[in-house]
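Consider the single chain below, provided in structure tokens and representing the form predicted on its own.
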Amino acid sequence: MQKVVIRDVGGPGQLKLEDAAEPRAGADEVLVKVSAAGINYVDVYQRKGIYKLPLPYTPGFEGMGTITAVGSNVKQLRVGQQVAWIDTLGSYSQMLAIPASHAIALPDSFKAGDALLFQGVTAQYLMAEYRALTAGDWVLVHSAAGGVGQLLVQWAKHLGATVVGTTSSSQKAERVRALGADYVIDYSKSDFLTEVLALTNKRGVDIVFDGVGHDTFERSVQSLARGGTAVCYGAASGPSPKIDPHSLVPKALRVAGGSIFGYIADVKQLQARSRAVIEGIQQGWLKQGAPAAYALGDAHRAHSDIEGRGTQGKLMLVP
């Protein structure tokens, strides 16, 4: 079989396709033929060495595929069953052994657009953990045309909130409006803080979901209404600046940080959050969209594209 290997940190050129021995399923594992491997920005951070992993390694935490073998202790899964995973490193590969407890059973009808769950579960924990959204709340979603951003827009609208999305182009803005956003700000043309305060008559928004970091987070906090919360869940532009806690006091603001891995470390949470996403897709109000597909050997090109911020929605490798 073949898999992508990173032997040193650096640019996209570090992603090399190599031959490898086929893995075997341990007693508590299942062996999966990978049909799609999700690409996420955390993969970029790891490749660059911002998030350090022992070298060499095969990247990718997320994928979907078909079980080809089950370990001797595995009872709840079967050969031929379609499963997904979102927390097992090594997904940029043709075959992968994963813990059976971490395999997420999928409906037979699910294709890659439905089954790659990393962004969906990220959106789920962001929506569930920081504010109980209700009709009348205002939500600001940065990078609203991105994989997580698109899902946050839909989820917030499903709960009745007024949604403001930011994007970097008119083409992306059209996509965000089509998903249901009430207002879209092209931050390449105007300052999102000024626009948000104008839209809300200087009140501000109740919650901000910020995966951009350095370039936006300080102004995200400034865009909050009294009692609002700014959630930093990524750093696409670099680490967020430090926030003085005393600056939050006058308006009783809150700043929070989140990572999907902190919210799926417990297997029961992993499975429950995944089910919530699957149910939203089955009910029709949550649409993940068809991912942009790259061949396994083009992982370097996919990383270049996602870093260039010229993509919309999900990217995947097809072994």
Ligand SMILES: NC(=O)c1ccc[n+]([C@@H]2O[C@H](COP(=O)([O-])OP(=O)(O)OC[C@H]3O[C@@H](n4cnc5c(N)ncnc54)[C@H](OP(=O)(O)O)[C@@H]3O)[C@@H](O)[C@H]2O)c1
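Please read these numbers as outputs of a predicted model, since none were measured by experiment. We number the residues from 1 along the sequence you see.
There is also a form predicted together with the ligand; it is not shown, and the following applies to it.
Q: Find the only residue in G258, G49, G26, G289 having a heavy atom within 4.5 Å of the ligand in the model of the complex.
A: Flagged contact: G258.
Q: Between the options V74, L179, A161, V212, which residue brings a heavy atom to within 4.5 Å of the ligand in the model of the complex?
A: The option sitting close enough to the partner is V212.
Q: Using 4.5 Å between non-hydrogen atoms, is D298 touching the ligand in the model of the complex?
A: D298: no contact with the ligand in the model of the complex.
Q: Can you work out whether Y57 and the ligand are in contact in the model of the complex, taking contact to mean some heavy atom pair no more than 4.5 Å apart?
A: No, no contact at 4.5 Å.
Q: N40: heavy atom within 4.5 Å of the ligand in the model of the complex?
A: N40 belongs to the contact set for the ligand.
Q: So, in the model of the complex, is Y92 in contact with the ligand at a 4.5 angstroms heavy atom limit?
A: Y92: no contact with the ligand in the model of the complex.
Q: Where does the ligand sit in the model of the complex: which of 116-124, 97-105, 77-85, 153-161, heavy atoms within 4.5 Å?
A: In short, 116-124.
Q: For this chain shown on its own, do S143, S237 and E307 all sit within 4.5 Å of the ligand in the model of the complex, going by heavy atoms?
A: Yes, the whole trio is in contact, each within 4.5 Å by some heavy atom.
Q: For the stretch 43-63, return the residues whose heavy atoms include at least one within 4.5 Å of the ligand in the model of the complex, in the order they occur.
A: Sequence-ordered list has one entry, Y45.
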